[in-house]
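What follows is a single chain, given as structure tokens, in the form predicted alone.
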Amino acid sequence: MTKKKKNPVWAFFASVKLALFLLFVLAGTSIIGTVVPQNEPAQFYVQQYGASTAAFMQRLGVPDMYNSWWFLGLLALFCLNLIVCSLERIPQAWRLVTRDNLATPVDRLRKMGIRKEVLLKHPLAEAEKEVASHLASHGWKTGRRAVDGGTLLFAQKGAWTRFGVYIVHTSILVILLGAIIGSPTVARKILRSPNFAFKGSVMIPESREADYVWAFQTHEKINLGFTIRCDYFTIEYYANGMPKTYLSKVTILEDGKPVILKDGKTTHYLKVNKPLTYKGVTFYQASYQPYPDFIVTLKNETTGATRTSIIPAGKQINWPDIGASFGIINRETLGEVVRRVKIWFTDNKDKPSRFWIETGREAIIERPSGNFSLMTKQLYATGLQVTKDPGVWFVYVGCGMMLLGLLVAFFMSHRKVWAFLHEEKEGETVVLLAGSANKNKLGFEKRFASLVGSLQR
């Protein structure tokens, strides 16, 4: 009888060679996506690689490679290959799991590599109960059938482990589904809803707020549906002027009111590797931008009047409610960082005061009208990277499934045990024990030997 010829298209997509080829191609292209910076402005690629190479890269979508049409096409082909491979092989695994093992010929048991004969000095019925009870005590639940003048017992463990590899296949599909759901390209071009999933950034000066971000690559303005305010930004520098650590104190606002976050507070300190997530939108501390302006806080110690405002350098500021006028007339800088400022200050009585003050430090100014406290701080904007990825939970679930599938596929096996009992003499029963395992056969042999040895005692 000739074998039915497979459909060539089906055979192509069911090929393991195709799966390996696609894995190598995806791995190779992922290296390119790692080496080439992603989602940078077009001018960046012109400066780095030249105009012609940059134009070629833009046509291939390399600056946003993981959302490019050809990369998504490779993923789709890989998904199709996984599905067809699984559909091709699952029926065979199902047959192995559900087959009638009590129909196994006794002659086949006698030829198995793992087998042992044991003589029990009991009649067949009594020996059958003893063997079944012994196997049950070791976790082997047996089935029974009368065959060839004797009795055949069968038990198995881990039959479902034959599906471990298909759990891995499914996990990959779930992870890729999560990646598609969280893809800004899919949200923009297919769902026509850029707010559904996006990656972008926003620069928020201290004391200012924003209710939008600028999308990477398209530079499209995307509304958040709420407001985030930068209350404060601080940065520490090394002695050579290089940034050491920095963080932002931010507040989420809804209808102009602060929102209580999960930790019960209305503010959150954003640090590198310590993001904030609200309504599925995650904010990461990514960068900062120093400005030439300053945040100045002035308090009249006599009246208690206090005022904080952003002021430019080189300009006289008049605050009648505080009873003073002042200005920043000089700065001491290291790169873009202002270390000290020189202040001109007057309460319109006697000669103005002139003095240097370190930024972030408070100065007490003694004047004829009373004392004033003054603190200056260079104005910074916090640079936030913002993402909304509704598919992230699919990715987490898929990763969990993959770990489970790998555990099953590599460390668990389908084990089978048969026991054929027949009487050779009256009152004596010969038990032929045989077993098989689809993986870790050496380990199974040890367990089988232990099982047989304990029956002989």
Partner chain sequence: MNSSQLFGITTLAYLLSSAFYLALFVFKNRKLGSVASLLAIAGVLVQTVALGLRWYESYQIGIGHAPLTNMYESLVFFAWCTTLFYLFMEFRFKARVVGAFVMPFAFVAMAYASFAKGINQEISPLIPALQSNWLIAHVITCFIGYGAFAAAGGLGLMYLLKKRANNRNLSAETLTGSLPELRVIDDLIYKTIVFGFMWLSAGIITGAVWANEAWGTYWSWDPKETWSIITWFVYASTLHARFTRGWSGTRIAWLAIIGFIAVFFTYFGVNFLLSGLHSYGAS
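The structure displayed is predicted, hence computed values, not measured ones. The term rigid core refers to the most C-alpha atoms you can superpose between the two forms while keeping them within 1.5 Å. Numbering follows the first chain given and starts at 1.
Keep in mind that the form predicted in complex with its partner chain is not shown, yet the notes after this line are about it.
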May I ask whether Ala215, Phe345 and Ile357 each come within 4.5 Å of its partner chain in the model of the complex, counting any non-hydrogen atom?
-> no
Between the options Trp69, Phe44, Phe56, Tyr396, which residue brings a heavy atom to within 4.5 Å of its partner chain in the model of the complex?
-> Tyr396
Exactly one of Lys221, Arg307, Lys262, Lys244 has a non-hydrogen atom within 4.5 Å of its partner chain in the model of the complex; which residue is it?
-> Lys244
Out of the stretches listed (288-296, 114-122, 143-151, 169-177), which one is close to its partner chain in the model of the complex, meaning heavy atoms within 4.5 Å?
-> 169-177
Does at least one non-hydrogen atom of Leu406 fall within 4.5 angstroms of its partner chain in the model of the complex?
-> yes
Would Ile31 show up as a contact with its partner chain in the model of the complex if we use heavy atoms at 4.5 Å?
-> yes
Does Val9 reach its partner chain in the model of the complex, with heavy atoms at most 4.5 Å apart?
-> no
Indicate whether Thr104 is a 4.5 Å heavy atom neighbour of its partner chain in the model of the complex.
-> no
Which residues from 267-286 come close to its partner chain in the model of the complex, meaning a heavy atom within 4.5 Å?
-> Val272, Asn273, Pro275, Tyr284
Kindly check if the Cα atom of Gly33 is displaced 2 angstroms or more between this form and the one not shown relative to the superposed rigid core.
-> yes
With the core lined up, does the C-alpha of Val259 move 2 Å or more between this form and the one not shown?
-> no
Against the rigid core, is the Cα displacement of Ala449 between this form and the one not shown at least 2 Å?
-> no
